[in-house]
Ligand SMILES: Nc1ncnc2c1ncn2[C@@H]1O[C@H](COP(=O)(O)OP(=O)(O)OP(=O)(O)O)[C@@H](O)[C@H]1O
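Below you'll find only one chain, the form predicted alone, shown as structure tokens.
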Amino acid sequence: MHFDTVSEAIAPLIDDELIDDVLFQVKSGKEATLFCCRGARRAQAEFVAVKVYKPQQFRSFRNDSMYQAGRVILNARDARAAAKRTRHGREVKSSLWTNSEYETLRVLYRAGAAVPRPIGHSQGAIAMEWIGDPDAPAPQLKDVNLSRSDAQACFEQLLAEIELWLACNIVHGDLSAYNLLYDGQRLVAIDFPQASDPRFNANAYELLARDLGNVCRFFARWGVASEPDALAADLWDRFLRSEL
């Protein structure tokens, strides 16, 4: 990622007294680069995770239509620009990811979900709770060795989380062992830019079923038996009944 892009995204967080400086880069993924930063006065935290989104042309989620379905651009000028795919329109669509993830984290954190506490955001970055110790983030679930009992407990926690997300009208859409952190006691879910609202996105059930398929396959290696299709159908049925 170009340094200017990072600076432009992080500068407003410094101006807003959310972070003091960048300590180190944690990783660079398909959508964004994650940094560990020193928290400033308003963050009320010693360390802050800052996720800086990559420019749209460098992102791997090139076909985002199934995630964006149901999202509405209220500003008429912005909507026209997005439809015409002008430079401004691309910036508008890019900001949809940042704004959506920040608002999703706010909703879920307030509901008691195991997600990082959202601290603030700029047009190109999100500041959130640092999950880990001063030297490194908590490991991704894919890198953790679990006992069968711990795996079963994590799996049950995750199913409860997914149901809670649904109750908040949220489907993750890209859930896997890559975007679940394990702090030794619980799972913390991250990476929600593509989260969808099942009330408005016609692809939501497909995305939910795919999420469950991913996690069920992962936990099967630790001896956790499950039926992802049945779980998806059951959770979806509960969601639909709650909407009546």
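All figures in this text were calculated on a predicted structure; none of them were measured in a lab. Numbers follow the displayed sequence, beginning with 1.
The next section is about a form of this same protein that is not shown, the form predicted together with the named molecule.
When you measure heavy atoms, are 116, 130 and 179 every one within 4.5 angstroms of the named molecule in the model of the complex?
-> Checking in the model of the complex: 116, 130 and 179 are all within 4.5 Å of the named molecule.
Look at the stretches 160-168, 106-114, 131-139, 145-153 and give the one with heavy atoms within 4.5 Å of the named molecule in the model of the complex.
-> Result for this chain: 131-139.
Residue 30: heavy atom within 4.5 Å of the named molecule in the model of the complex?
-> It does: once the named molecule is placed as it appears in the model of the complex, residue 30 has a heavy atom within 4.5 Å of it.
Any of the heavy atoms of residue 211 lying within 4.5 Å of the named molecule in the model of the complex?
-> Close contact is absent here: in the model of the complex, residue 211 is far from the named molecule, nothing within 4.5 Å, heavy atoms only.
Heavy atoms within 4.5 Å of the named molecule in the model of the complex: does residue 190 have any?
-> Yes, contact at 4.5 Å.
Any of the heavy atoms of residue 195 lying within 4.5 Å of the named molecule in the model of the complex?
-> Contact check for residue 195: no, nothing within 4.5 Å of the named molecule in the model of the complex.
Of the options 204, 175, 49, 43, which one has a non-hydrogen atom that comes within 4.5 Å of the named molecule in the model of the complex?
-> It is 49 that has a heavy atom within 4.5 Å of the partner.
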